[in-house]
Every structure is written in C-alpha cells, then in structure tokens.
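Presented below, as structure tokens, is a lone chain in the form predicted on its own.
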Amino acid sequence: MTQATTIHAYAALEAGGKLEAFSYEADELAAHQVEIDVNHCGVCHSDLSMLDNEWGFSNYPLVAGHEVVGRVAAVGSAVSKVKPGDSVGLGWHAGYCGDCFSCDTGDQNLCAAAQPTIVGHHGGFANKVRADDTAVARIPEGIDLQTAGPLLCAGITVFNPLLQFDVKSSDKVAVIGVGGLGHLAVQFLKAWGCEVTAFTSSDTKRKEALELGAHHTLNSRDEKEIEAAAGSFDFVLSTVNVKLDWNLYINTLKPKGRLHFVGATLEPLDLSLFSMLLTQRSVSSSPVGSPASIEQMFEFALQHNIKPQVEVYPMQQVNEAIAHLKEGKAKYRIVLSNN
C-alpha cells in the first residue's frame, strides 16, 4: 500500500492571481490510481482560462497543468496498464466513470462524468500528479519527452478529427490559424497524406506554415483571396478562438465538405443554412481524444517525426511563462520543466 504523499505545486489562490508555492497532502493511493513524477508540463490557454476563472467554475487554490509528461512513481493495487518507471502522459482528463455508453464504446473523452485534470483536481504544475490508470497514456520510446506535453492537448485536439471523420489521404484540407494548435495540425495533415492549405494573416506565419509542410497558404484577411478558393476543400479545420466570417470559409468547401471547429470561439456562429443545404456541407466540432487515440497519436508522431515547437521554462518560473503566453509571444507552445 502506497502511503500518503506531500505534493509540492504552484497554485493560484484567487482569479488572476500570481501562482505561489503550494503543498497538499495526497491520500493513500487508491487501487486504480497512478502517481506520476512530473518531468515536464505544457502551459495551455485552457490553463490561463481556468486560472483567471474565465469559464466561471474555477475553484481555488487551483493547480493548473494538463499536458503532463513524466514517469510512473507508484501504482495502486489494481493497476496493470503501467508500472513504475514507465514514461506516461496525462492530458485534459484524470479519470472517467467507466460504465457509461461513451466509456463502454471507447470514447472516454465524451464521458459526461469525466474528471478533468484541472477542474476540482490538482494538475501538473507540480512535482507529482495523480490520476486514474484509465486516463494515463503510455508514451513510446523515442518520443522526445521535453516536447511531448503539448501533444496531450493541442496535438490530440487536432489529431482526433482525422480519426473521427475519416479524413482521407487524398483529401484537400485547410487549416485556419497557424498557432499552438494549427502548427501541429499542418504537420499531422501533411504526414496523413493530405494536400494542406494554411489560412493565416501573418506573412511570417505563411512562411513558417510552408516550412511545417503546408503546400499552399491563403491570407485569412483577404476576402477576395478566400472567395477565389470556393469549392476547393474536403475539410477545413478551424483552430482559432476569434470570430470570423464563417460563411466565407464554408463556401471554400466542396459539396459534402466539412468545417470543423477545435478552436474554442465563444461567439455564436452566424451561418447561412441555404448554401450548406444545397451542397450537403456540414459544420462540427470535437474535444480532445480518448486515451487510446492519444496513444495512437504518439505512435503516428513518432513514425513521422512530428513535434510541437516549444519554449522551455523551469517550473519555478511558471509566472514568467504565463506572462509570456498572455502577451502572445509564445512560439508555439510553452513547456515547464522539473529537470
């Protein structure tokens, strides 16, 4: 039986407050729990939203961090999936109910009773974190552990639609936004075999998109350039969280094409149904993927040498890292390191 553990972390004590050193006692490890020594943890915009209570359900003290990479330190008595010393990742979810339809059919990420890693649960801005074994993903040997963290959120968010919506290697696909999500989407889609176009408003990012594997770029602020792409794409993936003229982008779809959202835009979508109806186009969205999908993503990333571009900060510089992200200066993801 694993004894109680003191976990040392960095927590916000109030909305918008700077993170402070914070310790808490973790009870004896439950039968299906895994304790992870945190080597690296990505910093995501969702962490910022939770720290600042932008979504209205944050509880304090709040330990953020849901892109956790580390090694198994201890396992509960009923855990057989992983063993101490294994390299593992922990993403948005730290547990699932295990007996709903979604869990039974392999879509644990859609479980209505899932336990988020940073909602009512302390996350990975710490030296250790705990989670149910079902939520822990094994990381294959050969993956760069320092850059692996963002794959557990940004990576799986853009990889999951490829599995869910049967994107084909012959498809022409466009990515809206070349940022933390988009720079990974371009890499995955290129490796998937698709012809990839990147929509971006930045000349610098147009160049970087091509370097990442995009075949073409279009200016997302040039209405005429977008209109000229009418009927071009089988699948358009939006990774941005701002309001755009979505009807312009829907018109770039082929008949039966799909506009898919993974960027969490908060404004209502202003859509013209008639053009969608006549061409059987569709609009959809998806969250992160299941643990099995995350492991499949890691294998695919390893095969095709897909890596997030990261800036690394020591864990104790978490406030500096957060300020850098808030200022929009990150390229493209930030990772905290305990090493």
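Worth saying up front: this structure is predicted, and the values here are computed from it rather than measured. All residue numbers are counted from 1 along the displayed sequence.
Missing here is the form predicted together with another copy of the chain; even so, the following discussion is about that form.
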property: Which of 302 to 310, 267 to 275, 41 to 49, 66 to 74 lines the interface with another copy of the chain in the predicted bound form (heavy atom within 4.5 Å); result: 267 to 275
property: Another copy of the chain: the contacting residue among 202, 87, 102, 232 in the predicted bound form [heavy atom, 4.5 Å]; result: 102
property: Candidate from 144, 195, 107, 132 lying within 4.5 Å of another copy of the chain in the predicted bound form - any heavy atom; result: 107
property: Touches another copy of the chain in the predicted bound form: residue 26 (any heavy atom, 4.5 Å); result: no
property: Contact test in the predicted bound form: residue 168 vs another copy of the chain, heavy atoms, 4.5 Å; result: no
property: Residue 263: touches another copy of the chain in the predicted bound form, heavy atom cutoff 4.5 angstroms; result: yes
property: is_contact(residue 287, another copy of the chain) in the predicted bound form, heavy atom dist at most 4.5 Å; result: yes
property: Residues 59, 116 and 118 all lining another copy of the chain in the predicted bound form, heavy atom within 4.5 Å; result: no
property: Partner contacts in the predicted bound form for 321 to 339 (non-hydrogen atom within 4.5 angstroms of another copy of the chain); result: none
